[in-house]
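The chain below stands alone and is given in structure tokens; this is the form predicted alone.
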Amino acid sequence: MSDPWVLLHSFPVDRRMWSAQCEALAARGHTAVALDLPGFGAAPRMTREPPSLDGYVDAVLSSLDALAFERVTLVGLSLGGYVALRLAGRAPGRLGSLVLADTRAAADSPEARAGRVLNQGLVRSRGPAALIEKMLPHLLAPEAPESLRATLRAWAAEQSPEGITDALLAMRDRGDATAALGAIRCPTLLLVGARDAITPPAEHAAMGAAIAGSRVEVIEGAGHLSNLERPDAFNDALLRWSARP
């Protein structure tokens, strides 16, 4: 029996972003569970202070234990990818395989770190709705449908300001995981939108070169949220991965 699939969402939304993927995997007989990271959706805020990727990893590992999932295929997109990479370093035995989508191993640049601080101030003063409005032009390809933009606005507006500011701190202060890529031994798939301006295809090619035996696939026409912009192509990539020998 194949390992269950566990999916970790991007910032600043929640597990609802994975509904199309969970449906596609379930239709092929897979167990698929999307988790809310601490402070997002229905999940309580993390207790670790200061907030960190390890706080998210703690919560994911607790969820795996609660679900009695000894080993999983772990999927992480953007923030979820940062968490998946950290979990791969801390608990490699829990991973049967790994899917990293629209993410990066490198730490934030000084400019990106400063931007996280500015975004914290924006959320505190004007709320999550103001942040998603600022982010949308960078998250999606220009031709993404207005219905998707409206969905993202609604999801982001429902998140707690505290959960979002925690995540901004955790992302700002995360370390550089590039040197750890070579230690990943489980089968690894990297997916990226061809038009991802935040974590572009070139970064995924470099990560793939560092992870022995990995596969890199580009989702044509998609920006940073490739699973939402091109769900059929993204699902096909996951299902091909699940059917590999």
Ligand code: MLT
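Numbering starts at 1 and runs along the sequence shown. Bear in mind the structure is a predicted one, so any value in this text is a computation, not a measurement.
The discussion below concerns the form predicted together with D-malate (MLT), not included here.
S.K.: Tell me the stretch among 145 to 153, 74 to 82, 122 to 130, 87 to 95 that has any heavy atom within 4.5 angstroms of D-malate (MLT) in the predicted bound form.
M.R.: Only one stretch passes the 4.5 Å heavy-atom test: 74 to 82.
S.K.: Taking D-malate (MLT) in the predicted bound form as the reference, which of Val216, Ala32, Ile198, Ile184 has a non-hydrogen atom within 4.5 Å?
M.R.: Contact residue from the list: Ile198.
S.K.: Within 4.5 Å, heavy atoms only, which of Val117, Met135, Ala157, Ala107 is in contact with D-malate (MLT) in the predicted bound form?
M.R.: Of the candidates Val117, Met135, Ala157, Ala107, Met135 is the one lying within 4.5 Å of D-malate (MLT) in the predicted bound form.
S.K.: Determine whether any heavy atom of Ala141 comes within 4.5 Å of a heavy atom of D-malate (MLT) in the predicted bound form, and answer yes or no.
M.R.: Ala141: no contact with D-malate (MLT) in the predicted bound form.
S.K.: With heavy atoms only and a cut-off of 4.5 Å, decide whether Phe234 touches D-malate (MLT) in the predicted bound form.
M.R.: No, Phe234 is distant from the partner.
S.K.: Going by a heavy atom distance of 4.5 Å, is Asn227 a contact of D-malate (MLT) in the predicted bound form?
M.R.: No, Asn227 sits far enough from D-malate (MLT) in the predicted bound form that none of its heavy atoms falls within 4.5 Å.
S.K.: Can any non-hydrogen atom of Trp18 be found within 4.5 angstroms of D-malate (MLT) in the predicted bound form?
M.R.: Answer no; every heavy atom of Trp18 is more than 4.5 Å from D-malate (MLT) in the predicted bound form.
S.K.: Could you run down 8 to 47 and flag each residue that has a heavy atom within 4.5 Å of D-malate (MLT) in the predicted bound form?
M.R.: Contacting residues: Ser10, Phe11.
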